[in-house]
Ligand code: FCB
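One chain follows as structure tokens, the form predicted on its own.
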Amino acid sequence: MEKQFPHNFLFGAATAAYQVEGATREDGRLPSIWDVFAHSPGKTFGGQTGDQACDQYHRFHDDVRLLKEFGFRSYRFSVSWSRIFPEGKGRINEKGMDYYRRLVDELLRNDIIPLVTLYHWDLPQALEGIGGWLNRDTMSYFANYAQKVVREFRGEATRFITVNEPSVAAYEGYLTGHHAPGHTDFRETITVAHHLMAGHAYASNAIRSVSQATEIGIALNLSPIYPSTKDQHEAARTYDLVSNQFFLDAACSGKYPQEVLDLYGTFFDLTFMQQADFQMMRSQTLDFLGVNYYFPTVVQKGEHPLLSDVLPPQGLLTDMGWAIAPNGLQDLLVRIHRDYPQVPIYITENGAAFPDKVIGDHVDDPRRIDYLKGHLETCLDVLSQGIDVKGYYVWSLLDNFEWAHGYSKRFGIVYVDFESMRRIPKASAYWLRDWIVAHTAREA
């Protein structure tokens, strides 16, 4: 018998606020670090910004209709912190909150379950002005924001992701400088990584104090690390400890790998990691782990004392230059289930960018279909092994503002004409709809 997903497996699509909403100056919203970064010369492709993005702020009804048309049972979106608290703290901006209430109401009217991400990289610029994630106080502001947003949804949204991809926020924002706020300092990177992971714990505690029924998770960007040759296993192991294990252990076990602490401690003063943070991390239980998977990583020993060299990918690549390797997802899920068998898993992002073209009224994207098929079949395989994967979210519902790449990379299963804002479903959207129906068991 052909493998099938259980009837209650949750299929959805994902987006993030700054990438799709637009309306960056409306209804009391003030700038985030991404508004400032994108408007800084030379930071994004062609100087492009998220000022208009996909204009979902005004067109969310259309996008919910698309979700319904494609048969998705869930929509993962993020809340713009600076739309709710323009200064990062203080009183709620009711006009901003009302937008998300209307979005959630529209989803529920269409039997679509909201999965709400509280932090998808768009820290209010007002908080950046007092240190941002380098300032310990930001963890408290984040916990307060998270608590108040959850309370405002009044039980209509009950599943939340605290932080999206803390490793990317830390490394791309504070080491490479490719993302906001554009710093290039390793000690800052580690400080921010800790404040994001401890901030997740403080926010989780604040949420549970007002809602015991809420499910709380975190979305980690994870990549299986492979050695380039047989003699590079130690380089691969070190890279994995820093990029994967540090975040996995913090989220799932409430602690960091001692090897990583020892490694960092030889270079930096780690007193910013306070005992109160560890106590809070240990006290929290993760209801689910979100896994964002795109590609594997191959490394060899390099010059950097803490990071190995990443080798250029081989074989079939996406438009981002990322390797297409569904087997990497399998290796990742098997490893997570082995190390943290108590934690349910959702694939909270998986997808690929390709240079799509509109021909007539159609967008044929066979390479994306092949990509999705390979990764969905991997999900079926790991389910048959008893691994507790409960859902899959394609990245992304819409072509959108792809951070430093601007609008040059198209991840969506829906093509967006950024001049007219017209939405054109791609062949992959219809393929996905039909494939899901054909491979999901009916409710008994």
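The first residue of the shown sequence is 1; numbering continues from there. If you're wondering where the values come from, they're calculated on a predicted model, not measured in any experiment.
Same protein, other form: the form predicted in complex with ligand FCB, not shown, and the subject of what follows.
Proximity to ligand FCB in the predicted bound form, taken as a non-hydrogen atom within 4.5 angstroms, holds for one residue of 415, 395, 392, 70, which is 395.
Residue-level contacts in the predicted bound form: of 204, 78, 164, 223, one residue has a heavy atom within 4.5 Å of ligand FCB, and it is 164. Taking the partner from elsewhere, every residue among 120, 294 and 411 has a non-hydrogen atom within 4.5 angstroms of ligand FCB in the predicted bound form.
Remark: residue 402 counts among the residues lining ligand FCB in the predicted bound form, judged by a heavy atom distance of 4.5 Å or less.
Although the partner is absent from this view, residue 19 contacts ligand FCB in the predicted bound form, with a non-hydrogen atom inside 4.5 angstroms. Taking the partner from the other structure, ligand FCB in the predicted bound form has no heavy atom within 4.5 Å of any heavy atom of residue 128.
In the predicted bound form, at least one heavy atom of residue 349 sits within 4.5 Å of a heavy atom of ligand FCB. Shown alone, this chain has one stretch from 372-380, 56-64, 402-410, 24-32 that lies within 4.5 Å of ligand FCB in the predicted bound form by heavy atoms: 402-410.
In the predicted bound form, 322 is the single residue of 298-324 with at least one heavy atom within 4.5 Å of ligand FCB.
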